[in-house]
Every structure is written in C-alpha cells, then in structure tokens.
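The chain that follows stands alone, in the form predicted on its own, written as structure tokens.
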C-alpha cells in the first residue's frame, strides 16, 4: 500500500505490523545510509517500543555507519552472525529504496516491513506503510505508539529518541508537512517525561570553531539574480575548519533566513569518491525535481543530489535559478 492512506486503512496497516511483530521472536531494524536524526530516532524508538512491550523478544539494530552529531543517542548493537537474520522479521524505517539501506544484510531476513515518509519509488516489503505527507518517519512511529497505546509500552528514552527525529526532520516543527496531528503525537511523547532542555542542548549548542565556520560561510556565499543562495565547501575549507562531511553539510541551514531567497544550496566536495554532494533546500517552491535530475531526490523542499564536476554544479545552479524565477513570476505571497 503506497498511496496516502485514509485513517481506517492506516489503522489496519499499523495493526498488521503489530501482528507481524508479535509473530516473530527476533526482529532486526534497519535505516538509511548517512544517518540523520529521523532514521536514528525512529529505529531506536521502535526498538524501545518493541522491547518494552515484548521484553522476551530479541531486537537488534546493527549499523556500522555513525553520526558524531547524534552520538548522544547511544550506541547500536554489535554485529551478529548471518544466521541470526534468516528467521527474523526485518523492519526498514525512513528508507525509500533498497539501495539506500545501510546494512545490506536486510535481504537475509525472512520477511521485510517498510515504514517510510518519502515519495514512494520501490515497495519492497510484505507490508509497505508509506505516508508521504508525514513530517518524519518518527512521526509515523509516534502514530504507531498512539494508535496502539492500549497494547504497546514506551519508556522515556524511547520517547526521547522519537521526539528527536520529529524535531530535526521538521525544523523544530516549522517545515511544510507539520500538521495538528504532528503536534498531538509530539505531545504524547512529551507526556513520557522527556528532558527537552538537555535534548536541545545536544542538538543546538555550537562550539567556537563552528561559529567561525558559519561566519566564513556568510562571507563566501553567493546569490543568483533570482534568489538562489549557494556555497561551495571545498576540501581545503573542510581541512581549515576541521570539518567532517556531516558538519560541512550542516551549512545549508545557515542560509535559510534570507529574505527573497526561496532556494539555497550547499555543495560539499568529497575527495574520496571525486564527487560533489549537494544539499538543496527551499521555501514555498518545490525543488526535488531538480535533485532528481542530478542523481538524487527527496522531499519537495528538502532534497539531496550529487554532481561530478564544477560544470555540472554550475548547471544545477542555473536550473535552480530558472525555476525560482518562474515560480516568482507565477506566484504571489512569497517572502
């Protein structure tokens, strides 16, 4: 089932997932490559719900890819033998296509369930719960908990994991896709006693070097004629500020408050595979079709892409500028 679902159909799918979980003694959880707050929070949160509800079950979250930014959320499980996957239920969360699943051993599982909020491209599970309008995968896990509140249990840590993903993927509940239900699910998590002060400190405090990098971005960023801001983070710049890929990519958010700028782009040079990774963000105007043209995709106003030369980077900037020009000419009310 891949289309946006009615309330009754969603309830049926959630119940079907719950029955599958009940039927298996071992459950393996999976997420996407280059982990972010949503995929980490949703998988850790789902693991917590399952273990609190069924403490006798074996539940594993195994992923060799790490995020220093999210290290406060704790370690994942140690690798296990391949045989452990064979009779297990696999639950893949926040991952639209199988090529983006980080732990490739998902294919060893007896059955797969897909839970995702991206545009549907590849239904790969025996159950595919896809809600493209959801603000995050964590919102869907919160909905799972609220829908089954008489049957499942959650603890404070698991609620905090899910809430973290909702906060990060929704831009602190500012992005398009946030609904009244989003906030109601968040409230149900807050009712578990989440320490939001400590959580927000982990997410938003910045060290002195990061602030110096932010200042450098503001000095170096450029703007097209029609309101596309962009910055190229070279390998040399990454070395000068001691940036890992994740920290360099975060600079896209530094450009999100420029009046009249409806699209902002961060190009991060990756010398390991000789590519330039692209982070595309926008306000009002959808830009995921541009990301798709350049070997990527994602949400309407938050996407990723990859280009393979400065020439291709410049072509992407031109396409974005043309798109924003056309949008401004045909719409009113943008800021």
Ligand code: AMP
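Residue numbers count along the first chain shown, from 1. Everything quoted here is computed from the prediction, not taken from an experiment.
The same protein also has a form predicted in complex with the named molecule, omitted here; what follows describes it.
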{"query": "4.5 angstroms heavy atom contact with the named molecule in the model of the complex for residue 285", "finding": "no"}
{"query": "is_contact(residue 57, the named molecule) in the model of the complex, heavy atom dist at most 4.5 Å", "finding": "no"}
{"query": "The named molecule contact in the model of the complex: residue 118, any heavy atom under 4.5 Å", "finding": "yes"}
{"query": "Contact test in the model of the complex: residue 66 vs the named molecule, heavy atoms, 4.5 Å", "finding": "no"}
{"query": "Per-stretch contact check against the named molecule in the model of the complex, the hit in 58-66, 290-298, 23-31, 43-51 (non-hydrogen atom, 4.5 angstroms)", "finding": "290-298"}
{"query": "Selected contact from 226, 105, 143, 100, since only one has a non-hydrogen atom within 4.5 angstroms of the named molecule in the model of the complex", "finding": "100"}
